[in-house]
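Next up: the same protein chain in two forms, each one alone, written as structure tokens (structure 1, then structure 2).
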Structure 1
């Protein structure tokens, strides 16, 4: 039975080496000695997942829960634990350092196994309703009491999905191929089809990769579209060939699986979201066939799309869900079919898949709007029609293309544009997560409101690594107050921020928030007097075809 100690020892050796080939060698040698069940768990844990992709629930263990358990185990205050976190920017490393000070121990030293860890994670996932927080803490505490420092570190890394040991999914796939003497290309194709790397490892260990097919109730990766900048670029790339032009919907990309009366809905992250959309479930049940569909769940009312933000309350499944459903009725716009009554269609040309889709979807779901386009002028005209109708842009598809799970190729391309940009000033900054842990890379920014500044959002994407390093130097020099995790910054650094829309919000003192803000450029040519004001924000908000008040969600 695979010990968790041996697993974490291997991962620590992987972390300590910088060479990709050496990382693959270490993991493959370890996995070679595991049975199929332990191989499944080891591969999944190594990529920072505690449960199989497609699960309706996860452990839902957050930073605050882990911090609370640590304080109880060690007797350290939250501030003391926080100081160690600032040192590393990595909660796993924090646990490893301070666990030696824990005041409680188990009566007997017992070796943890991979299966026992998986069972504890499952117990955390099952904990629901009143008292569930205490139950989750109890399970976590029990694990940490049995764990040594290295084991505890990786327990937390898995639960927070922050492994940060340079072991991305692709390298784990390579290790699986090497461990079980399997062709790397076959492993990659099977991985995209299966969706879950643990299942991939299990099938490879059993020598069953060649038998993997699409399967109802098991999500597969979604085919992705490559972004392109202009209609002319798209037309030139496809050399004037006819394309299927579809509106780009602003909703939740979703796979709908139906088998008899059973229906499941999976998000782009391959997480089950069935409970959030009962009307989609009922519509699927009305269809006489079994199938896997790909499409977009869109908030929609009176012939027009509603703002995406209205879906978020439904996805969170908060209280008063019925009111959230009334506020955000949805339609499922389906645009592809992967499987129909047991027949795998995903390698057929899109034009054939569309014919099959048309036969089953009518009356239950809305097929995505589609028009044939060839020239740059036709693409641009359809793009403008999409935008004026309240959609994000266009997706252009080659009608001869197969469905390639998990791949972003130029058989499908997308064309969209930003709503607008604002010049804003940075007033706060904090440490990033993941690969930016320990770096000041998340920026809170504001616009002018008379003589004062009002916060309108936070952005962490758009800058290069070099620009982030340069900004860190400037922010440290401009820091007014440093709370360890968050810095209040003298307002001098101006950035141009792009965004998709503006919503009313009680989170910021401006009363507004930008949706999907991203830094377009650092405006070293501008100063505090050049930033936009709250009147410009209101003007952009009022210009939107659809508006949302975040506080209503």
Structure 2
């Protein structure tokens, strides 16, 4: 029986050491001793997840629930807990400190197991509707009462998805490879196909990695496109070979699985979003085959796409879902098929997959438009057509390429508006001025640099009043520190920013600054793992005709 205390003891040692190899060694040695089921849970929990990827619901335990339980357990006031919080900026460590002082409550209890923790998390997830908040609190309280300080710390870290032990997915994959004597490359490949790191650990433990296949109703990672700057660059890269030129649809990337009467829709982050799109489910049911399709759900009316923002209300499924459906009718533009009636097609060339897709798309399932292009002029002309028809740009695909889950390769390249945008994460916020006085509406944002984040600019324009209000609520909940003037915000909110150019600048720690940044949209579909990195910034900077070096002016 995998004990939770042994697991958390290992994670604490992983946290304390800064060397990556040592982290991998500690975790792999621990995992080697687990059975398949415990290996699944350990790998999942170690990456800060409480449920399998692709599940529709989560535990929904937030900061306020945890604070409430903590206050109830210890008799401390919110203010007193807050004081400890300021010391660490990490709720897990707060809980550890506070509960370690109350250790005697756990002395006569049986120690927790990984499986029991998983069962409690499931119970929290299942609690829904009226009274659910109290039920969730009850489950959390019961767990914390049985936990020692270190265990309590990690329970909270998993529930808040804030591990902060320097254990990115890649290192857990390495530990799995090492623990079960498998080569790193095949672990990586299988990880991308499987989507969920827990399932990966389980299959590796059972020695079944080579047998992993695509499976209906289990999401796989999406194939991604590499950005290129101009039509000429694209034509030159492919040496004039014919490409599939598709419109770049602006909606929600979606993988639709159908098996008999059952239909599931998964988002790009592999979350289940089926309930948000009943008409897509209906349309899927009307198709006679079983399948896994890839495409984009687009709000669409009278022959034209509608603004992407209209989908937000449907995704959140908040009040008045019927009205949201009427306001934003959708079509599913499918551009790929990975599995058809039990036949795995994902390694076949795109031209064959496209042919199969043509045979089944129907009704609200529209086949994405596709035109063969090979020269720079043809790419440019199709790009213009896409823009005048209300689309975002183009995705150009090599018709000979297989579908590679989770990879951003050059088999698919994207061409957006000339004016580029970057996906960045908000790391700080301030009160605005003028019309926005009193509202937290100036955002400081960052791009990725290896495993750290580097600030690249600040923006305040582009959001509607309603969006600013929504952002305020989120930013307050994610504030790590507030000095009255500047809030440091947990990096979670991804926004897409447009700008006129990039310049070198000593103002931010990235060494670059965006000129005239404005928020194009909030990217709820993206997480910290999806933001652009500093290489992308450098690439855009280098490709600019006029390179401004602020320091040299």
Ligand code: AMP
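Take the two forms, find the largest set of C-alpha atoms that superpose within 1.5 Å, and that set is the rigid core. Quick caveat, the model's predicted, so the values are computed rather than measured. Numbering follows the first chain given and starts at 1.
Participant: Only one of these is the form predicted alone, so let me know which.
Facilitator: If we ask which form is the one predicted alone, the answer is structure 1.
Participant: Rigid core fitted, is the C-alpha displacement of residue 406 between structure 1 and structure 2 2 Å or more?
Facilitator: Result for residue 406: no, shift under 2 Å.
Participant: After a rigid core superposition, would you say the CA of residue 217 moves by 2 angstroms or more between structure 1 and structure 2, or not?
Facilitator: The answer is no; the displacement is under 2 Å.
Participant: Align both forms on the core first, then report whether residue 30 has a C-alpha shift of 2 Å or more between structure 1 and structure 2.
Facilitator: Residue 30: C-alpha displaced by less than 2 Å between structure 1 and structure 2.
Participant: After aligning on the rigid core, report the distance the C-alpha of residue 73 travels between structure 1 and structure 2, in angstrom.
Facilitator: Value for residue 73 between structure 1 and structure 2: 2.7 Å of C-alpha shift.
Participant: Please report, in Å, how much the Cα atom of residue 502 moves between structure 1 and structure 2 when the rigid core is superposed.
Facilitator: Once the two forms are fitted on their core, the shift reads 20.8 Å.
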